[in-house]
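The form predicted alone is given below as one chain in structure tokens.
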């Protein structure tokens, strides 16, 4: 048997991290088993489905490295297939038209509530005679198509994550609607549970891997697989991603979209690595790995049953590990859009100083967005002076040191670290001061602050840009 799994997002919003984590588990299992990963877009909700959301989902999956083997298939293009399946159920006596009005259904639920009963459809139209159906049609009533559920059934399956699962059919809410707004001769819009089963049968899906919030749907869908005479796939219901309060992570928690994480400065390998750890652990307890490395070890016996809490600190740490070891040229490609978004116009000529700058800053970045704050010393000719930097350049002897540095630069164009280090040593000796005073004062003058990246590497970049002389003059003007 060739393993075939699928991801079936709905384009009613952007790619959510929960959906993306489901995609990760599907992709890992398919690759581990040498199978196929199919992408299906469930876009039958005409009002809420938007092309821009579809584009966001596809772009997000590609960015994460979760390439699919088949698809994307669109449910909106497969409606005839679903209607054929519904007609088959009707012909077999397994589904029927129900003509209840919204008012009648509301009254039924109110009566159940008054009697402390769980809300459910009471199957009142299951056995309508042809004359009764005709009478309802004559009234102008539209019908829904309901699938018959035998309340006496006990539905069981062996879940690859949760083990044996048992569900009583009597807890499924009565006969299930599988299509809306139908008449005696037409079948209306097919609904989720029916469409997903038909798709899985048609696409020969062998394993359905999705969040635990679908467990009730699984019980209903197993009945539909059986009614349509198809083999039931294996199911794996993965734990939900939770916020710090232990609730399901939602839009109310702020950032949940993959594109949002991208804009915050997370890199794809780190984010997909972190999502893999949200509910799964590697046999060797490794926390940093590629998708291919995880696929080699992936199995459902290491997927947790309990929900996985989202930990920003852990994600930041993982992201920093990837950034700190990234090739500067690759890192520059990823970081430059953040600089440009901050208002810095950069040209091809700027690559000469940007590459050494990124090499300098890379080991201190946690997110790509950090490059904006950490590079502010280098992108403008002058900088504001922090109070402690102003105090430093005004200490006795410091103006003479800075003037000595400035004089040493006049008429010269030192462009190597050795040149700059030699100049510092010369000024230290000439002024008869400690080297620490020279270095601290030079940092204050060049950066307007007493903290920052490596001083000499920074000075070399500023020298390339022609910013060091103006800043030394700016510092001396404070005295």
Ligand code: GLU
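Residue numbers count along the first chain shown, from 1. Because the structure is a prediction, the values reported are computed rather than measured.
The discussion below concerns the form predicted in complex with the named molecule, not included here.
For residue 33, no non-hydrogen atom is located within 4.5 Å of the named molecule in the model of the complex, even though that partner is not displayed. In the model of the complex, at least one heavy atom of residue 214 sits within 4.5 Å of a heavy atom of the named molecule. Although the partner is absent here, residue 10 is a contact residue: one of its heavy atoms lies within 4.5 angstroms of the named molecule in the model of the complex. The named molecule in the model of the complex is not approached by residue 95, whose heavy atoms all lie more than 4.5 angstroms from it.
Within 4.5 Å of the named molecule in the model of the complex, a heavy atom is found for every one of 6, 42 and 210. Comment: the named molecule is not present in this chain, but in the model of the complex one of 192, 300, 289, 73 has a heavy atom within 4.5 Å of it, namely 192.
Distance criterion of 4.5 Å from any heavy atom to the named molecule in the model of the complex singles out 196 from the list 196, 149, 405, 145.
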